[in-house]
Structures are given as structure tokens and as C-alpha cells.
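As C-alpha cells, one chain now follows by itself in the form predicted alone.
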């Protein structure tokens, strides 16, 4: 939970919490109402971060509407918890963070933004140009930036295609370490190793371990992780956060999603 005296960056980058779970909500794949229900189910199951964004078909309108719906839904549950002596309202104070495809997919309603460099993109747009476009908006809106190096690993999926990434291959162990060191030397708060949305294979745990061995920055891993056992492998390799997206979108029934994620997180952390 995010205490009032703790910044979102401090909460996200606190490695003393052990491996935590977060979800990514793609506004192009669900209505704001459905997104809010899924977010509430995930938080109830134990997820500690909600990323909002996607690699395509998102804009400021659907991103903003989705974030507002999620915030309103969580605020209602938080209020209800404050009226119930059995429930802890602090458990619902979870950060909602922009995970944008670019400067045209921002919202002032977010608690923070992953201000990222797609480190293995071959397109300057994702290395620096979108960041230059978005920085003035982020400052004027008062959104907290959390700097992040973003590395897309094989198979890469849609994110790799859109980002024109030279994919990090499963056997490029030393290169993974080099990316981690580079992220740290740039002063990034986090490094995200991403196999791609809906990937048939997750990030090779040796890539995670290699990055973890050379740096202490917060390490996020996502893509192709569909069960708690796979998440546990990534956690044991050194991931601080495990992110799931497609898994969340598979369930229309919120109670079923909550049950699946509860078991997922339990298996990941035990």
C-alpha cells in the first residue's frame, strides 16, 4: 500500500518488499468500466500496481477515461473499507501509473508515469523523440516521472514490432547485464525486461539473473507469464515486480479473475 508520507517512486522502487505483482490495463482492449472491475479484482487479489497503456491504438481520451474509471472504482472500495472495521482501507491505495506508447497517450489523472527509453529500439522516436514531446506535458500536469529503461526480449510480440526493437535474445546473457549497467549509469529508477504481450515464452530467467547480478535498481519482468510457477522462476532470478496483462483480459467475471490472481500471487511469493 502507498502511505500518505511515501512517494509513488519510493513505493515502486522499494526492493525490501520482496517480489510484487502488478497488472497492465490496455485501454484499447476493454471499456473503462470493465477495466475498473478488473483492477478492483486484481487489487483484491493482492496486486500492488496498475499500469495503464498499450503498444498501439491508445490515445489521451481512452487512457484518461480508463484511469478515471479505475481511480473512482478504487476510491469507492476504499471508502467502503473505511466503514468496515474488518477491512483495511490502506490495502486499496494502489498507484495507477501511465505506461504509454508515446506522448499522445497521456493523462493528468495518473499518479505517476514510467518515463521510459526503449533501449533496444532502432527508431529515435522511442529513444528520445517521444520523451521530448511528452516532457512539457508531464511537468505542466504535475505527473510524477519514474525513469525506466525498457528492453524488449525475444519473442517481442506487438511491442517489439511497434517499437522497432532489436530483440534481446535468450542466450545474450552478457548483453542483458550491459543493458542493466547502462540503465543504472543513466540514473534510471527501474529496468523492465519485456517478452511482449501474449508472448508464448517468458523472459529467459538467465537474462533476469544477469541483470540482477550487476545492479541494484528495481527490476520489472513481464510478458509470457501466465501462472504462478512461471512467475516464481522470474522472482527467484531476481525480479522485483512481475507484470501480467493478457491473463487479466481473459476473464469477464471479476470474481473468477480475483480467484485466479490470488492463486497466482500466492504461488509466486511462497
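Numbering follows the first chain given and starts at 1. In this text the structure is predicted, and so the values were computed from the model without any measurement.
What comes next is about the form predicted together with SN-glycerol-1-phosphate, which does not appear here.
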| property | result |
| --- | --- |
| Option from 122 to 130, 100 to 108, 168 to 176, 190 to 198 whose residues, in the predicted bound form, bring a heavy atom within 4.5 Å of SN-glycerol-1-phosphate | 190 to 198 |
| 224, 243 and 246 all contacting SN-glycerol-1-phosphate in the predicted bound form, non-hydrogen atom within 4.5 Å | yes |
| Proximity of residue 24 to SN-glycerol-1-phosphate in the predicted bound form, heavy atoms at 4.5 Å | yes |
| 4.5 angstroms heavy atom contact with SN-glycerol-1-phosphate in the predicted bound form for residue 92 | no |
